[in-house]
Structure formats: C-alpha cells, structure tokens
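The chain below stands alone and is given as structure tokens, in the form predicted alone.
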Amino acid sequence: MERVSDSSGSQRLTTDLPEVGPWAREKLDALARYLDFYTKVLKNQPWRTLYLDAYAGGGRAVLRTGDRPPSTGAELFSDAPPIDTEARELIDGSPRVALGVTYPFDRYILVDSDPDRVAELQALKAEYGDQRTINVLKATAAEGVHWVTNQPISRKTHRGVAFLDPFGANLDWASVQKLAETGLFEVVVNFALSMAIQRMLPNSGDVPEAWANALDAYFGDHTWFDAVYEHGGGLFGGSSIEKRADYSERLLALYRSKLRAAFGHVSTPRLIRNTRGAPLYYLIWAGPNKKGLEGADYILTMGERIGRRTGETKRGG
C-alpha cells in the first residue's frame, strides 16, 4: 500500500493499481479531446451514442515520473532509471476520461478480462449510479466486441466510438473488422509498433511460430511479412531473407491502409514517445465520416504542432 496524489492534489492510499509511464497522459489527453469533440458534434443529433472501451483497466492508474515501462515489459528497457516510489500521481484512466465528458454518451461498455480490474469497474459503475448507463463485461476484447456488435444497434439509430488500447499486439484484426462492418463505429487504436511489434521481428526473418501467429491475427493476414522482409542476393547466387531498412514505415502504412479499406477514412497517426524521445506507439483514428476525420486529424496533431512551435518535440509518422 502506498500514498499517491490524485489530480486535485489530495492524498489517498491505494493498492495494486496498474502503473503507467508519463507518456500515458499524452494518450489520455488526446482521447479526452476527441471524445469531447465527438459528443459535442452529436449532442443535438437523433442517434444514441455508444462508448466501447475494449481494454478498460480499472478506471485509475499510478503515473510514474520515471521513464520505465510497466513491469510486464521492463526487461525491454533495462537501462531505465529506478522508479522514485515517492513521486507518483493517481490519474484517471480511459473509462473515467470517457465518463467525464461534458456531454455524456448514452451508453458505456467497459470490458476487461482481469477479475480485479472488473471489480474496480463495477465500483465505478456504482459510483455513477443512475447518472450513466454502464455495462461492465468480464471478457476479452474480442468477446466484448462480439457482444456489442450483436446488440440491437444499427447505423440508423446509433453512433459510437471504440477505444482499442491493448498492451502489446493483443488486438485481433477480426475485432476491428467487426466494428467497421457496423458502419456506426469510429475507432481510436493504439498501434504498438515500437513497444511490441518491432520486438517480434528478428533480423533473420526466422519469426517464432507463436509470434507469427500473433502477427497474422493482428494484421488479419500474413502481408506483414513482406512489408518487413525481402529476399536478398546470397553468397554464390543463393538468396537470403533480409529486413527492409524502412520496414517500420511499411508496417504503419500497411495498417493504415487496412483501416482505410475497412472504415473509409483514417487519420494522420500521432506518434507517442517516451520522455527520452524514443518512439513507443501511434494513436490512429479510423471511421466512416469525413467530419470525424477532420476532428481527429486536428486533435491528434495538436501536441505535435505545439512541440514544433516550442522546439520541444519532432513530429513523427
């Protein structure tokens, strides 16, 4: 048990909350701005609005001031400084961000497979009482998407936003495709290129079967392999598998092209970096409406424009 500060500066004791790096605030701020834009645009429209958080977590997390990723991936950043356990802040996760917009969604579907996180979501639901309509599902993201898309909803009566923020490459393309096929959902996706996908791609091209299967599921097919690898000329006229120099750009372009084909429109990606400037992942919006694209492009590039003016960051992707 430790004491952390919430956004108002007050102290509270907490146990077993997930830890997130400083970059999480940038992601959540972008999500909050887009959800605020979305609900304001639709507040006087006839459709009922849905918010789906397929990897919801428990609603709050501990923000570290150090630059080390969560323990599940700490071995990937072995040179990171130790965490200062006295310098932590309690922040709202994506469920509370969505619940706190000025013009609420008509219905919230919060999905997580971890029993402890689900218990926290149930407490969050009770906290809001009858002020919000909230469904909490103990399920995988794929099961949650299946549940939502099998509800009595249609493009004639509903509009929705799905936040797809997995840890690593744990998002099956089949789930993304299901949301696209409804014609009513927009998605905001964490494309974990540097935090997960790149680490599954050895230079030799000899990708372990489990990783290859995971990447097939993530991209929906095996096209990722040709985006990453090419046949090079080997010794004595043979051939070898070589990693392309621009494979990262190719993978990003591949995923965006799939989103565009599925939804109709896809945003400029927003590159999220750690505090040392190393790339982590991209936030990408996709949806069926040009108005949503305009809003997403403005919001997702907002921080990068500020950075260019102040000289603090470079625009990526």
Ligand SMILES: C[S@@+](CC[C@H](N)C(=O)[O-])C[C@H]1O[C@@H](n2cnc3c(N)ncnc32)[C@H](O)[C@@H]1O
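Position 1 is the first residue in the sequence shown; the rest follow in order. The model shown is predicted, which means the values in this text are computed figures rather than measured ones.
From this point on, the text means the form predicted together with this ligand, which you will not see here.
This ligand in the predicted bound form comes within 4.5 Å of a heavy atom belonging to residue 167. At the 4.5 Å threshold, heavy atoms of residue 159 stay clear of this ligand in the predicted bound form, well away from it.
In the predicted bound form, this ligand sits within 4.5 Å of a heavy atom belonging to residue 163. Remark: residue 139 counts among the residues lining this ligand in the predicted bound form, judged by a heavy atom distance of 4.5 Å or less. For the candidate set 262, 28, 254, 280, a heavy atom within 4.5 Å of this ligand in the predicted bound form is found for exactly one residue, namely 28. Taking a 4.5 Å heavy atom cutoff to this ligand in the predicted bound form, the contact residue among 127, 114, 246, 181 is 114. Only one segment in the set 151 to 159, 223 to 231, 207 to 215, 105 to 113 has residues whose heavy atoms sit within 4.5 Å of this ligand in the predicted bound form; it is 105 to 113. Along 33 to 53, a single residue, 53, places a heavy atom within 4.5 Å of this ligand in the predicted bound form.
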